[in-house]
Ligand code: ARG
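One chain follows as structure tokens, the form predicted on its own.
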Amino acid sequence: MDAIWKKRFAKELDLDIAHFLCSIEDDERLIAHDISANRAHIRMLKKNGLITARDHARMDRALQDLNAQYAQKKLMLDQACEDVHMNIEMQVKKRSGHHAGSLHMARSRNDLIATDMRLYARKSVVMLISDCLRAQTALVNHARAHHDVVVPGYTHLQQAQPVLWAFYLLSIFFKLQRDCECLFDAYVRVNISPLGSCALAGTAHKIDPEFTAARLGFRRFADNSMDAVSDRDFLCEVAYVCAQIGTHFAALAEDLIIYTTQEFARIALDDAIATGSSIMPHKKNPDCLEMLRARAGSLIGHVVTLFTVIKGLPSSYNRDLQCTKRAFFDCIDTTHACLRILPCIIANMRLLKNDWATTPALCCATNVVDHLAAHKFTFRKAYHAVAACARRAQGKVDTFIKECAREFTLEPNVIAALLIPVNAVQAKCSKNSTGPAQVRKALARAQRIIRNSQRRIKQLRQ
């Protein structure tokens, strides 16, 4: 098929140039959205008397037939037709004859691709929110199953203070909750219809873009046609949230990689999610976690790609925008794939049994400071005195207990009790802390958040 604009030119387009410009490979996943946009558009044209009911019926039947073929994976795009839009128009023409000539009335590929991308992004946002919720649910389930397990909490990768394992998992839960909220917010800005903006200046035909927007489930019609055809801010925003999600699951992956080492020995990965070595028969590697960590880098790269493409473009549509599609598609695919395996990883990690939490540990030294500050010293004076004891103890818990007992005229067993991780965790009572009562409240709140998010997703899908 000749390009739709061929009659303007005296020479054929060079084949290498044609191949370079072609977007068919990227457009495959936009077929259903393009068909939906076309159906809404011709319905509006009929309502406003711009095409006859008969012409509408013929074109709509053709579009429905294309949709059925696509669902059965029988609809293939032809590279000679340049893009998904011209492919659909050509297929409608084959099925309905010359009536398809009205399909492009009061419309341009500029507003149509912007519409298709918004439809795709809208569906993707809902999918990613659902993915985050599944990961959050897995975290809460694992936290509830191990609600009383005490582990070291780290700062600077050094043991800092003991915490509940459930408290640690909740820290990841609330990171993902921020991601969910960002996605819900982004949905509002994605859900705006550009269809009816035409090439950049609108149209002389009396159309009803609000009707078209409503047919496609958009919240409203875009404010300015020149802005509408070139706006890809919504892609950048969603891609940024994907990168943020990536940093969060990469941080979780890094923690779990560390915790699976023999040096830390906090958790073990089930055989179902671990791999081995081709030369070292004893190895059990956390490859899935390492891949999660790496994929976060590609998500950050996609954000840079998108902003680099759109920065400094002249007003309105430019062909550069075609290059935003592949980066965005891969961004969604990568985020979805990573979030999808998180519940599997969480369900297949096992906490290793140890007696660490019931014996005195130096990471509970802050408990001694807090005890002294509550009874006989200011906090800073107590801190300096305990720090001096820690210096003299040189990392030896028994020596530290003796030094503190002598320094503060307390029984060694009192100091020892303060240094037991279980006791240190039990002592925490501030809101949002690792204290058992506070963690129970946080788990209950997390479950309420999940239920509320599920209701919100249901509303978006309606």
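What you see is a predicted model; the values in this text were computed from it and never measured. Position 1 is the first residue in the sequence shown; the rest follow in order.
Although not depicted, the form predicted in complex with arginine (ARG) is the subject of the following passage.
A residue is said to contact a partner when one of its heavy atoms sits within 4.5 Å of a partner heavy atom; Asn110 meets this definition for arginine (ARG) in the predicted complex. By the criterion of a heavy atom within 4.5 Å, Gln322 is counted among the residues contacting arginine (ARG) in the predicted complex. Contact annotation: Asp83 falls within 4.5 Å of arginine (ARG) in the predicted complex, judged by heavy atom distances. Of the heavy atoms in Ser23, some are within 4.5 Å of arginine (ARG) in the predicted complex. Of the candidate stretches 180 to 188, 344 to 352, 249 to 257, 322 to 330, only 322 to 330 has residues whose heavy atoms lie within 4.5 Å of arginine (ARG) in the predicted complex. Taking a 4.5 Å heavy atom cutoff to arginine (ARG) in the predicted complex, the contact residue among Tyr317, Phe173, Tyr120, Phe234 is Tyr317.
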